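So this first bit is one chain, no partners, the form predicted alone, shown in structure tokens.
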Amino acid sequence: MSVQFPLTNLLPNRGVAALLPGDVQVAVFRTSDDRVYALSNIDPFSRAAVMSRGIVGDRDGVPVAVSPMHKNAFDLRTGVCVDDPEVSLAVFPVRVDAGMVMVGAP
């Protein structure tokens, strides 16, 4: 079970929301070096579906997405909150093949 869309729909340093089967909300991010990551779209602190609108950047070389709600940064590779390692987002498998982004359920 997965969702797929063209890589061109993802701008560098931006995220988009996607819906997996089962109404699972995913935030998909493309970094400036063309890596693609998928995390839960639900901010664990506010419970709002906003992570796809977060700011993409890095903290000390760690690629992060910063929630627009409370500005907590999450490691795009692991989903762990950089500001509070006790909190994390679900990470979803993602790959790019022939210009298509494919995001699967965990």
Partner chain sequence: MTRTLVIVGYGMVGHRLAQAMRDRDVHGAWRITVLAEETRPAYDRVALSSYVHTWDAGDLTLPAVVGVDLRLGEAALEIDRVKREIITSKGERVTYDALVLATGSAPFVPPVPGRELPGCFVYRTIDDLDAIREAVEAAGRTGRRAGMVLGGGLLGLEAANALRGMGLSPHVVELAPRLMPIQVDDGGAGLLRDLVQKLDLTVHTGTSAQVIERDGQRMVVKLTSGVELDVDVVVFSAGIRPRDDLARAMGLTVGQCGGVVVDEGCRTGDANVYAIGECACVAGMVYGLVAPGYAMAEVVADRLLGGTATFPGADTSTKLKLLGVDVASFGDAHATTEGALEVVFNDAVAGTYAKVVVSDDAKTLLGGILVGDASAYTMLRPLVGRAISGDPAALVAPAGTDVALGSLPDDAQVCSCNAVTKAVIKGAIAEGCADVPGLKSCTKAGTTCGSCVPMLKQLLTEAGVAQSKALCEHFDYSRAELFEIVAGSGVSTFSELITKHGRGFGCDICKPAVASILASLGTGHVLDGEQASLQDTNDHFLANLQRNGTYSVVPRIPGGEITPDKLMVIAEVARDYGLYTKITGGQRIDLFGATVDQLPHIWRRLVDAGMESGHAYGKALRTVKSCVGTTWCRYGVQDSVALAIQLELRYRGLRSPHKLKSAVSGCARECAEARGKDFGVIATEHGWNLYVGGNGGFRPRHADLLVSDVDTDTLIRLVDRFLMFYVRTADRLQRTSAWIEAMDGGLDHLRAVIVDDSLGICADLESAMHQHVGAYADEWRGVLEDPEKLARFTSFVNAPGTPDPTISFREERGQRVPVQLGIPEVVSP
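Residue numbers count along the first chain shown, from 1. Quick caveat, the model's predicted, so the values are computed rather than measured.
Another form, the form predicted together with the partner chain, is not on view; read the next lines as being about it.
- Although the partner is absent here, A18 sits close enough that one of its heavy atoms falls within 4.5 Å of the partner chain in the model of the complex.
- Using a 4.5 Å cutoff between non-hydrogen atoms, L11 counts as a contact of the partner chain in the model of the complex.
- When contacts are judged by a 4.5 Å heavy atom cut-off, V3 counts as touching the partner chain in the model of the complex.
- In the model of the complex, the partner chain stays beyond 4.5 Å of every heavy atom belonging to G79.
- Looking at 50-89, the residues that come within 4.5 Å of the partner chain in the model of the complex, counting any heavy atom, are V50, R53, I55, V56, G57, D58, R59, D60, G61, V66, P68, M69, K71.
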